[in-house]
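Here you get one chain, nothing else, as structure tokens; it is the form predicted alone.
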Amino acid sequence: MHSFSITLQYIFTGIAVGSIYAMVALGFNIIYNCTGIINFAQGEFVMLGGMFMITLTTTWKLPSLVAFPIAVALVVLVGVGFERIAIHPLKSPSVLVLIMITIAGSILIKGVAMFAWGKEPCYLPHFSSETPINFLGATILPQNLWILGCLAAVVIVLAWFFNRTLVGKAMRACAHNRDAARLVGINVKQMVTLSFALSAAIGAVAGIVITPIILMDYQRGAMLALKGFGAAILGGLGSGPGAVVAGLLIGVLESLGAGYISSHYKDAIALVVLLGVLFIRPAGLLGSAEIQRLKKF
């Protein structure tokens, strides 16, 4: 392959992986905007999405088109159940307490997944053909197109939801001022529950579409959550467009670093870039000095 084709190949690979980071970052932002906390169980939603999809398609033999929404719904139930059991009953908890609860939830979900599916990586067939598509000397797996399509669908649906629906606008109101939202009759706790449901759904979609490429095991969610959190910070915590741009950027930089330097340093390269940007612009690429939560997706 010529150097141009090789570089293009790395970019294609990075965009596919970066799309997953972007979806995970969007999940972080939704809960942060509504509650002011970082949900460290977000990576486990990604892992559960892949695991449920594997069970539904390989054990229960359901078609992928049927199994996909069922797997997402199951993860949403887990997310809502976690919020209702661990967070909803608390009265005026501190942010630190809420963060510790999400960390404990992450550990618990990971342990349950280990007992349910074991420690070995699980395989999920590609959604369509595994024959690569040639483009300018580089190749694109059809599964990568599924990933890009899912990211585009998530962005469009979220933009429509937050800007065009009454419930979405209520969530934006909670993000701006929870006390004022409560005074005008918005049930803030219901909005928090909904934020966990949306975050879990996005995480499940990310986990389902990436599993055919990377395999999935009970520990996989932690690293995906770390990269997604990095994308959320790099893009500007609370910024939807920033999460997408930063996720794609981190994915491409990782892929280029792994190809031209060493795969051992790809994580370090992404983190160095993250630190460099934050030194120059602490609010992130598309963040503001004061985070404008959900004002504009």
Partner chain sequence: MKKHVPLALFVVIVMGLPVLLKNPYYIGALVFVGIYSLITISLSLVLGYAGQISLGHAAFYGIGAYTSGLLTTRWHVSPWFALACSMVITGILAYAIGKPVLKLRGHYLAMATLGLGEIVYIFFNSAVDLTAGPSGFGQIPRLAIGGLVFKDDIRFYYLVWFTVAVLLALVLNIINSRIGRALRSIHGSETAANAMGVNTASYKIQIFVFSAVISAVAGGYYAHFVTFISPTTFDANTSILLVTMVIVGGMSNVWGAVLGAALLGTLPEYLRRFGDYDILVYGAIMMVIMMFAPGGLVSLAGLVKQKFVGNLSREPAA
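Remember, predicted model here, so these are calculated numbers, not experimental data. Numbering follows the first chain given and starts at 1.
Just so it is clear, the following notes concern the form predicted together with its partner chain, a form of the same protein that is not shown.
**OP:** Could you tell me which one of L158, A197, I101, A181 places a heavy atom within 4.5 Å of its partner chain in the predicted complex?
**Re:** Contact with its partner chain in the predicted complex is made by I101 alone.
Original post:
Which among 240-248, 45-53, 31-39, 63-71 is in contact with its partner chain in the predicted complex, heavy atoms within 4.5 angstroms?
Top reply: One stretch meets the cut-off, namely 31-39.
Original post:
Applying a 4.5 Å heavy atom distance criterion, does A170 contact its partner chain in the predicted complex?
Top reply: So A170 does not count as contacting its partner chain.
**OP:** Determine whether any heavy atom of L166 comes within 4.5 Å of a heavy atom of its partner chain in the predicted complex, and answer yes or no.
**Re:** Outside the cut-off, so no.
Original post:
Do V97 and its partner chain share at least one heavy atom pair within 4.5 Å in the predicted complex?
Top reply: Contact check for V97: yes, within 4.5 Å of its partner chain in the predicted complex.
**OP:** May I ask you to check whether G149 falls inside a 4.5 Å heavy atom distance of its partner chain in the predicted complex?
**Re:** G149 lies outside the contact set for its partner chain.
**OP:** Counting only non-hydrogen atoms and a 4.5 Å cut-off, give the residues of 114-150 close to its partner chain in the predicted complex.
**Re:** M114, F115, K119, in sequence order.
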